[in-house]
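Presented as structure tokens, the chain that follows is alone, the form predicted on its own.
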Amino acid sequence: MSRQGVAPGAGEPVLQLEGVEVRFPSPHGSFAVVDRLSLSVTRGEILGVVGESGCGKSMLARSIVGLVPPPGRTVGGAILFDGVDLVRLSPDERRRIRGDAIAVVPQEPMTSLNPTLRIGDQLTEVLRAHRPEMSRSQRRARALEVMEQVGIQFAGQRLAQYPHELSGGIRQRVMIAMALICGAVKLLIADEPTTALDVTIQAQILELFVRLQSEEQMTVILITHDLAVVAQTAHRVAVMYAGCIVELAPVLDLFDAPLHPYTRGLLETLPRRGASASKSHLATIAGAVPDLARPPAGCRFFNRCPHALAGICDAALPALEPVADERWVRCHRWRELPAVAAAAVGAAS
């Protein structure tokens, strides 16, 4: 599978996040699960968003489409989609965009599909909401067309089936068809779309995303905890940790030369060809993502970082600073880390 697909249109953002902040109340006051996050996504780009569970990836996606679960709220910043600030729109105005120009593919289709409705009824329901001028026969024809587009065989038979009668891979393709059925999607947000699938079906779904991006010049935000998925699919990668982006880079640059200690830790957990299969040899990142209701002072990764220095790393939250074209990192010591790593190798030998 081609990792790059078709290169995105340079300098033409379809989505711009400017200081977006999503907060939830707690007994100790509100806390941010997405913390003043800024990001620009180019038209026709596949952006991978990676990080452990609890880092804020899914909440970032929900903020874009206006589905932050109560009592959480998007309380600050701007979310510009084709120049329109989605945060300022009314719920009805957002609803008209969601499912039409912006679509979401959820993590687990079995919890998103209605078990009591046939697949055809669920697909055409989207058209009844967004394309009321279409007749029943036109809606059915469009449903068949988009099911074939996403590689569902025997589409006419599938329309009459219920979700429990389909395999996990077919259910996920139905969710992708549902996201595309209006035919005007500019931004597709896929939230852990391959987590529940076996490796063979996972590869087919990723191939489908690359093909859609290539054929439609669709922008895709691919949210996952799996760096291997991103390596196969994305143009750029945003690494999230504790509500913040800690590294942003083109995918090949990130894998060849990760700058943030957290990114390095994630890459080190990937299985290596020829490595022992024993669990005792699998690399891990010690500790856990901090409680965002009571985040640590300074760098959010301080308590887990092997290179952290007291008085520096715990003094203030580092800024997300530019390193080179399209490369950003949030770390007080990123300039020193290659020398630190080299010194450690020398001491070990």
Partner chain sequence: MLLYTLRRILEFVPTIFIALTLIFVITRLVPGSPITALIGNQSVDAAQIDAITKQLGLDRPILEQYLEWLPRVVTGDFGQSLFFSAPVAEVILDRFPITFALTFMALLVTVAVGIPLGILSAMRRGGILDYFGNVLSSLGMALPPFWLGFMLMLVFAVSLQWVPASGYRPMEFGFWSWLSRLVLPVLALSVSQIGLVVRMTRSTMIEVLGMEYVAMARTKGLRERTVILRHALRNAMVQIVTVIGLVFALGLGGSVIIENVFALPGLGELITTAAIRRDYPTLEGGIFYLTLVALVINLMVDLAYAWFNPRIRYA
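Numbering follows the first chain given and starts at 1. Note that the structure is predicted; figures quoted are calculated from it, not measured.
In what follows, reference is made to the form predicted together with its partner chain, a form of this protein that is not presented.
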* Asked: Does at least one non-hydrogen atom of His164 fall within 4.5 angstroms of its partner chain in the predicted complex?
  -> yes
* Asked: Looking at the partner-bound form in the predicted complex, is Arg98 within 4.5 Å of its partner chain by any heavy atom?
  -> yes
* Asked: Does any heavy atom of Gly83 come within 4.5 Å of a heavy atom of its partner chain in the predicted complex?
  -> no
* Considering only heavy atoms, tell me if Pro106 and its partner chain come within 4.5 Å of each other in the predicted complex. => yes
* Asked: Which of these residues, Leu222, Met175, Leu248, Met147, gets a heavy atom within 4.5 Å of its partner chain in the predicted complex?
  -> Met175
* To do: Find the only residue in Leu309, Leu67, Ala319, Ala315 having a heavy atom within 4.5 Å of its partner chain in the predicted complex.
  => Leu67
